[in-house]
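The structure tokens that follow cover one protein chain in two forms, given apart as structure 1 and structure 2.
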Structure 1
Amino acid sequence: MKIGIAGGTFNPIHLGHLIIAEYMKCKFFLDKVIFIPSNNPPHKDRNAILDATHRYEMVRLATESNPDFEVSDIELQREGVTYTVDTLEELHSIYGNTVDFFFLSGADVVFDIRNWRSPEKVLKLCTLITTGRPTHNIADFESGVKELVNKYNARVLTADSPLIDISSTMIRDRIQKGLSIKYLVPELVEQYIINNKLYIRE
């Protein structure tokens, strides 16, 4: 079985996340994609992140119509700072040796992953799929992939994906300015944000 892992703060989840996950699921013949909202990621300002309960519920609403998408609270159940290596180890203990995991990430992760906790373990526990077009020089990107393969014996798949120019930051900014977010997030997510008055500055 081939399972994709889509992790992130999802603050909030938007159509770009969903489009790319579906694209990569089809392209690499993944059986399903598990969305894993993070709890306390080490690289984010905790004060700028919405409560995990809201973020989880928005991901659940966004993915419920796709039978090949799931949402997991595995990181929300863990106290303290959450690390990808811990999540992957836990997933392996849950699913056993009959599953191959594919970590969906942006192209910049090719350069950033060296600074993660235990990058050698992360790259042993999953195949890295880099999505989107690299913002770095293409030669630097290819060199970065080659270094991961040589240094960590990593399995790295790369592919151009649809260029969806939507970000969670942009959505939060539009809400704070009183602008529409229709067609940027799923309708159920938009309604959830409105009903709960999320991202509105006091």
Structure 2
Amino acid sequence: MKIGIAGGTFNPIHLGHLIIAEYMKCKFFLDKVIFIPSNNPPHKDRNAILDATHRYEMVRLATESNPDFEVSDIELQREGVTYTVDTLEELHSIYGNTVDFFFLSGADVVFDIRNWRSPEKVLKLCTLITTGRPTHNIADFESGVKELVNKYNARVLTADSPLIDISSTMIRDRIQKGLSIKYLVPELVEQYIINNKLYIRE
């Protein structure tokens, strides 16, 4: 079995996350994709990021119509900062060794992953599937991928998926400016944000 892992803060989830996950699922014949929202950061950063229960609920709403998408609260069950290496170890112990894990990511992760806890272990526990983002130039992205392969002996798959110029930052900014987020997030997520008055600056 091949399982895609889409980890992120999802603050909030947007169509970029969903389009890329579906594209990668088809391209690499994944059986399903599990979305794993990260836990709330430690106390000092609390104001920087929306509470995990809201972020989780928006991921749930965004993915409920796709039978191949699941949401997991595995990181929400853990106290404090959550590390991808712990999540992957837990998933391996839950699913056993008949499953291969594929961590889905955008270009930013190619550069950030070396600052994560135990990058070499993370890259042993999964194959990284990654794609460019309009924020990153292609040549840098390609050399970042090569470096991961050389430095960590990582298994990395790349795909020419559509470049989607949407980020959670963009969604939050638009809400704060009173601009529409229609067609940038799924309708159910838009409604959830409006109903709960999320991301509006006090």
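Throughout, rigid core stands for the largest set of C-alpha atoms superposing within 1.5 Å between the two forms. Note that the coordinates shown come from a computational prediction; the quantities given were computed from them, not determined experimentally. Counting starts at 1 with the first residue of structure 1 and goes up one by one along its sequence.
(request) Please match the form predicted together with adenosine-5'-triphosphate (ATP) to structure 1 or structure 2. (result) Looking at both, the form predicted together with adenosine-5'-triphosphate (ATP) is number 2.
(message) So, superposing on the core, is the move of Phe111 at the CA at least 2 angstroms between the two structures?
(response) Superposed on the core, Phe111 moves its C-alpha 2 Å or more between the two structures.
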